[in-house]
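Presented as structure tokens, the chain that follows is alone, the form predicted alone.
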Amino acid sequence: MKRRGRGIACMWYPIGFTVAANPSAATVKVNEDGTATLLTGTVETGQGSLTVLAQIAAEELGVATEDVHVVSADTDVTPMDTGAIASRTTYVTGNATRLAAEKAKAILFNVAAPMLGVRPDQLEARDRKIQVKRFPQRQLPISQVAHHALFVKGDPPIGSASFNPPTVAMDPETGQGLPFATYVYATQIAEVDVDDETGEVEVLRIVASHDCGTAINPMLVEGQIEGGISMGIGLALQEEILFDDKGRQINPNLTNYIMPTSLDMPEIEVDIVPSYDPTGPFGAKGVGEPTSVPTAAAILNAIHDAVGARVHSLPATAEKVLAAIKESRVQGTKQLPGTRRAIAGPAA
């Protein structure tokens, strides 16, 4: 018989370590046609980081994201970046990008101020224009100001900056300290069906609520969460590296190392919790690795809710689940029939 259960798991996860130096640098150049070039050493591995960095630069400069051309991961020309690790890119490299764009914008404001007859602090950049605050009709195209800065003033609008979260050493005696600059939080709920005659588990639905600070790109955040859940399902139920008695891996390929496919994915509901971190670029923190942290725990809690048996090692294969069910029956810890939600299934 298939029995249905629900499980919940919560987590917190650090962003941008501070126990050691963790810098990123960026350079932003505003071109005479009003576009911008961002140079960053970070690496795009499919998570959408370059899109987010372009959005951060565009927001600071008052241009469209498509106006920002990103040059990345070329050690001959791009500035230093610690790496696409520790879910740090949006937070650390994003801060460096915003600061670099801010410096380039300051040069544009210094050039535009006498052209508009105001002080630089009376200007703002918006919609590809530099305009007087509260008087948007007094404005100049960014392209015109950049051209004037280059060929009249001789002051190219280029900004370079770096960002390193404040380094806080750990106490050598206690090991305590402040090892990370900020944290993200999440709760996931899993709904599963467990066949109590075979131990087979089917994940039906996962609801994921994540706080990642300001979501610079909500669609990318949702995609990251769905991808993390896919990895979490593999960790919970399928993925395992096996070795023979001589220490050689016996499943070194995707034929016998089982990973979730699109057919294994449950219904997923994503809730992005609105929040703001004042230390992040426009309030952002991060969303990478944390997305998979609570998934396996939620699934195993759901298995327990369904059949009253605990699995204490991953992955929770059908064999392990069935063994746990049998053990709980022997120990008399399983609830009486009918006390759990059950779905009739085909007879064995």
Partner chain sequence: MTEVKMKLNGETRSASVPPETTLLKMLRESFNLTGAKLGCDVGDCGACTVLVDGMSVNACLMLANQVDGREVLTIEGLATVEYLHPVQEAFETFASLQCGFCGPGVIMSAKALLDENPDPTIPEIRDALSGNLCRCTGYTKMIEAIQDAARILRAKEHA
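Nothing here was measured: the structure is a model prediction, and the numbers come from that model. Numbering follows the first chain given and starts at 1.
From this point on, the text means the form predicted in complex with the partner chain, which you will not see here.
Novice: Given that the partner is absent here, does residue 115 sit within 4.5 Å of the partner chain in the predicted bound form, heavy atoms only?
Specialist: Because no heavy atom of residue 115 falls inside 4.5 Å of the partner chain in the predicted bound form, the answer is no.
Novice: Within 4.5 Å, heavy atoms only: does residue 156 come near the partner chain in the predicted bound form?
Specialist: Although the partner chain is absent here, residue 156 would stay clear of it in the predicted bound form, with no heavy atoms inside 4.5 Å.
Novice: Does residue 239 reach the partner chain in the predicted bound form, with heavy atoms at most 4.5 Å apart?
Specialist: Residue 239: yes, in contact with the partner chain in the predicted bound form.
Novice: Any of the heavy atoms of residue 99 lying within 4.5 Å of the partner chain in the predicted bound form?
Specialist: Because no heavy atom of residue 99 falls inside 4.5 Å of the partner chain in the predicted bound form, the answer is no.
Novice: Sort through 106, 132, 140, 220 and report the residue having a heavy atom within 4.5 Å of the partner chain in the predicted bound form.
Specialist: None of the other options qualify; the answer is 220.
Novice: Name the stretch, out of 141-149, 106-114, 157-165, 249-257, where some heavy atom lies within 4.5 Å of the partner chain in the predicted bound form.
Specialist: Correct option: 249-257.
Novice: For the heavy atom contacts within 4.5 Å of the partner chain in the predicted bound form, list the residues of 38-75 involved, in sequence order.
Specialist: Heavy-atom contacts to the partner chain in the predicted bound form: 45, 46.
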